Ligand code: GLU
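First, one chain by itself: the form predicted alone, in structure tokens.
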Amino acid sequence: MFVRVRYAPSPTGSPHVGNIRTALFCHFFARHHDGVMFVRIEDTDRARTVPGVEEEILESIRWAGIEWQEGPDKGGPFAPYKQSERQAQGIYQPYIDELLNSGNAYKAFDTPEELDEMRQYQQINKKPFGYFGGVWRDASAETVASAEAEGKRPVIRLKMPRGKMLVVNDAIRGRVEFESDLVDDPVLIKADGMPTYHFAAMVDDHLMGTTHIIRGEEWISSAPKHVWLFEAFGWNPPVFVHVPVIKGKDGAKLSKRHGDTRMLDYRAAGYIPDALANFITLIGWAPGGDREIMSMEEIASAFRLEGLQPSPGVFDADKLKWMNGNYIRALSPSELISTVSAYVSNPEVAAYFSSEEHKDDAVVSGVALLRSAFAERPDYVHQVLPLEQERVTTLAEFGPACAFFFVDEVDFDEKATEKWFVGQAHVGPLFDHLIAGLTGKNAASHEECKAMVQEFVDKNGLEKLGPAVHPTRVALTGKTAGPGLFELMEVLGPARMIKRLQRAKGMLK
């Protein structure tokens, strides 16, 4: 099967999870069939276009690992790939003229006040909402010419058929029928001469050879208008694929309160792009079996439209963290170093965690420590990171988790010191034993560190390692949880450990 799919965002706001999921579906569908994915920027709504968003869109899908073969940044056989440029070149004009000449479109000169009055009438009388023709749908050529002579600027509307059943064949839902009498006449060309989505997107999809229109299910209500537009031109429509909405775990439509929705916020928050792509693709699509963690290649191999679900997908932030943690643990030593180094060097990280919405001073300071350590003590950082690799779920967590390795004095958790530094008679002798064993050493392997602790346990009749391990961990890290004690002792080294043990000894009560 030959496949050409398009990702066609409007630069009216930052791309969010729902947008990127559509792009991922296009990417994987095209790859599965060795087809073509192209990017088309639908920027005909000039009033709502936000400067810089087009660049953010391309950066977002590039970061997500999405590949496209044609677009505004790459060119291609159907350039230009921005609708404003296509409109400026006059690409749409012959097609609107064709509709006007065939009687499938008409000019409407309604004022804003008249349109408001129409909507109020429909609401009060519980009539179908929308524009169903007014005086202009069947106005005579003379009436239209008179309005134009007065300097009135019309919109051009599609003349929907009446008394007809319009059928949309959707790849997910099957046959969906619409009574044409209940479908209003959409605007095709606005008063400023710019085409609307209804017109430009469908004309472009035909001219650019789109085989499948993959888009959100919010467009289902507009699909009969698009089907009729194709029929009015005598064109065969592409296959429509309306993907379900994404909801939070509470069943409400996905929003900021469920977590970040802006794509590049996930980069700042410390997510690995392949993990995020894997997670998002599984919202509303199932590969079959119990597979969840899949590479981009595996997803492309398995991706079929039959796996798309008609019911809403659920965004589970906890599951995303779990999946991201799995991807972090799968990184090779060299990949771990390069990934964390790139992350802590990204200025958007500090900006993100300094913002009112995501403020986290521990992450900001921890990331700054890591960044400095990469510059000043890279070999030491290479020893530290693998110790936390098994425990973190985001790249951002490396900062606070590793901070105790890079500071002169650790911050002690109050509950930890109350539990292990108060009323524990054996802890002072334990610290003395460790200080004596470390003095004069330039290095201590984790085996040697374990042997020192075990020796104290055996000599003092302690039944388990715990009473020695826990206070030692608190003394060295300030916390009760962390990577393996003996492994972190080896990385810290004798000099740091002696200094911290001496400080901790002074806090015993």
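This is a predicted model, so every value here is computed, not measured. Don't overthink the numbering: it's just position in the shown sequence, from 1.
Absent from the display: the form predicted together with this ligand. The rest refers to it.
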Any chance 197, 215 and 219 all have a heavy atom within 4.5 Å of this ligand in the predicted bound form?
yes
My question is simply whether residue 8 lines the interface with this ligand in the predicted bound form - judged by any non-hydrogen atom within 4.5 Å.
yes
Taking this ligand as it sits in the predicted bound form, is residue 70 near enough to touch it, meaning that at least one heavy atom pair lies within 4.5 angstroms?
no
